[in-house]
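Heads up, the chain below is alone and in the form predicted alone; it's given as structure tokens.
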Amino acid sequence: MIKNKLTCLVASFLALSSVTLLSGCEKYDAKLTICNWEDYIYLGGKENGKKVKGIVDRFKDYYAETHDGAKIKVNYQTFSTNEELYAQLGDMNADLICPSDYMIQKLANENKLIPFSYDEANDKYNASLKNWDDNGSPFIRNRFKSEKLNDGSCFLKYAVPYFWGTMGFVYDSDYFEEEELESWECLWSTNTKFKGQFKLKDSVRDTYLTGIFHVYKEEIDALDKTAPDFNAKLSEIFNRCDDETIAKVGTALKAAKKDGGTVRGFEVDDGKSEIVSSKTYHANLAWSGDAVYSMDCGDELEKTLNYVLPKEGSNVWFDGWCMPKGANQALAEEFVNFICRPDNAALCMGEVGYTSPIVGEDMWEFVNETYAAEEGETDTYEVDLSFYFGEVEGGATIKIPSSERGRQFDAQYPTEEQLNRCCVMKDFGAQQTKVDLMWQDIK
């Protein structure tokens, strides 16, 4: 059994669309407005019968301690999709937002973001973001540096990584075998077992990628996976959005959704709970962190769900803290630096289920306490995470119980080889309008 499993929480926070986490008529010395994804931060709880403060309240305390008792007002708002955030950006007057990779690129290219104090030549922020410089994963750092914006700068100039993950299938292991879902082609299976057995994301870019891997399967299969430029070539295919590709993807997705097809419907957030109790469908296209949530909830009901990353490849996505034009840069960077502290990052990761880009001894201890096999347990498999954690005391190798293969740990920490088959979404620019029209036609 996994020790100290990530908590399966009732998604009561979903109703929060605009919440001020301070009330009354008090006078404040500073004000910070944050707009984050729903269910995407440590909210606090109880430990040994005592109330434990969430990240926002901890930051208020920290601010008072480091600013001679000054009080800060924090307005905490949430959004559910990147497109929703984009549509509302001009009205929210936010100091910090947390969009995904392609939306970061879009906002930066449209000159809607303030750059962080980042020295690209030396890969360093200034002292206000020291916690990221000291504790950012070398893997995440290198991936962000390699992704370029239109002005030639890297993502780190405009976004400090917060969470990341992959896209795959979470599934009922009593219904499907892993081998049946190890390829995206399962979505176009004619086997009656697969009829109506999937829900996909009501998120155009995430479902679009399934069609890309189907339409260009032969070209992708022909790539040399050992070549140094493999990921770059796969990324070019993964991000195609020319008129011909859009039409082909649209046709493919319609075929999967038609009567008698594999796709039952689309969802954004409900699927992570639905899949736990559903008796009508048995697989869900899921972000890895949502898959962890589903597996945790399933375990509480003695229902075993697993996660599989298709062999052709997938998306490796990043959500990052960004500062819109007009933001209070000093306050925004102070909050980001605070949440990048390893103890705070571990709290957020434990509650949310997605993988933090923060490493260090505290995070390594958290991962081992959560997932490592008991001392003396022999039926295990070993994973080398040195590419991700860098140098940690005793080495970054962990033994996982064999019974947990394909489950929470594997969802949160794919191997280096698996991640080489995953690509970052790019902004489609003017072609996004055509993709949106195709998507509306499918729905």
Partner chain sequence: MEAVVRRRQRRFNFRGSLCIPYFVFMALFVVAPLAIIVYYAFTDQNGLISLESWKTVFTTAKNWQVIGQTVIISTISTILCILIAYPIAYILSNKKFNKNKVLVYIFLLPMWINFVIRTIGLKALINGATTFLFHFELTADYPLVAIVLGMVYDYLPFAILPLYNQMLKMDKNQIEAAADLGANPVQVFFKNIIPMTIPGIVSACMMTFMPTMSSYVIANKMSENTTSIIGNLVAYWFSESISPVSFNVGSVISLVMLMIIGITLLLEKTIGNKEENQKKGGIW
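Positions refer to the first chain, counted from 1. Note that the structure is predicted; figures quoted are calculated from it, not measured.
Keep in mind the form predicted together with its partner chain is missing from the figure; the text below concerns it.
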Partner absent here, but in the model of the complex, which of 208 to 216, 299 to 307, 345 to 353, 78 to 86 has residues with a heavy atom within 4.5 Å of its partner chain? 78 to 86
Does its partner chain come within 4.5 Å of any heavy atom of D362 in the model of the complex? no
Is it the case that L156, even though its partner is missing from this view, gets within 4.5 Å of its partner chain in the model of the complex, heavy atoms only? no
According to a 4.5 angstroms non-hydrogen atom cut-off, is D134 in contact with its partner chain in the model of the complex? no
Just checking whether F266 would be counted as a contact of its partner chain in the model of the complex - the rule being heavy atoms within 4.5 angstroms. yes
Exactly one of V316, I339, A94, M103 comes within 4.5 Å of its partner chain in the model of the complex through a heavy atom, and that residue is M103
Only one of V204, L149, L113, A252 has a non-hydrogen atom within 4.5 angstroms of its partner chain in the model of the complex; which is it? V204
Flag this candidate site as yes only if K199, T433 and Q440 all have a heavy atom within 4.5 Å of its partner chain in the model of the complex; otherwise mark no. yes
Which residues from 344 to 378 come close to its partner chain in the model of the complex, meaning a heavy atom within 4.5 Å? none
